[in-house]
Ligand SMILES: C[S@@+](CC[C@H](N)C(=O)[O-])C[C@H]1O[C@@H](n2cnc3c(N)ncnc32)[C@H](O)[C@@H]1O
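There is one chain below, alone, in structure tokens, taken in the form predicted on its own.
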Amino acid sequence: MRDPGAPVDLYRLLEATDEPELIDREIPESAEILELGCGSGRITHPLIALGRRVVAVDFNPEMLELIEGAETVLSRIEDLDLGRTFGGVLLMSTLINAPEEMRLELLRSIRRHLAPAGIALIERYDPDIGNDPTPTERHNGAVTIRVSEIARRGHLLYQTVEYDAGTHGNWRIRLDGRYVVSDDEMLADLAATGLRLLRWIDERHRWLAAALV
């Protein structure tokens, strides 16, 4: 099951953490960046502030209306075919955590749009997510994020995520069987779509850099 995502009103409140700096560091300075699944611009706008050129793609027109300073494209990621390539391609928000055929469609879209010397950055769940059922709480700007009712059954993750923004609103999202991709599956999927792993960026393997074969 795919993450249903957050409502537009919540997306307006969520802030970037260290992602823009990570992206800016990993993707060559001269590269134009294709952001697949940009949402309301939580990452887009900080990248633009860092001087990066961004093409922002999302299937939700309400989200795209919030984007400023970037070229925008209304499309499902799987259907996207811009007829051009980019030095950097982003697939964030753990969108890759999906059943196999959907993962392959997402990676094929990256493959279609990645320049010969380009770098794709993919964010996914920590492969060990859900093995510890202890509830967690963290803060993102004015939003408190609480994760509870956590369970892991094989590759499937079950949890409830509450976004508490006080007077601005409260949202609860239930994930009932979100697929958690293993390292071996990720490597196999990259190979099946004409991509290869360049490196795992962090110790938990939540971020990876990929390139064309």
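Start at 1 and count along the sequence shown; that's the residue number. Computed from a prediction, not measured in an experiment: that's the story for all the values here.
If you look for the form predicted in complex with the named molecule, you will not find it shown, but the lines that follow are about it.
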Picking from Leu157, Met63, Val161, Ala70, the single residue whose non-hydrogen atoms come within 4.5 angstroms of the named molecule in the predicted bound form is Met63
Contact with the named molecule in the predicted bound form, heavy atom within 4.5 Å, among Ile43, Ala165, Ile27, Val180 goes to Ile43
*asked:* Is Trp171 near the named molecule? Define near as a heavy atom within 4.5 Å, in the predicted bound form.
replied: no
### Task
Answer with yes or no whether Arg76 is in contact with the named molecule in the predicted bound form, where contact means some heavy atom within 4.5 Å.
yes
Can Asn97 be called a contact residue for the named molecule in the predicted bound form at 4.5 Å between heavy atoms?
no
| message | My question is simply whether Met102 lines the interface with the named molecule in the predicted bound form - judged by any non-hydrogen atom within 4.5 Å. | response | yes
TL;DR on 184 to 192, 47 to 55, 33 to 41, 146 to 154: the one with heavy atoms within 4.5 Å of the named molecule in the predicted bound form is 33 to 41
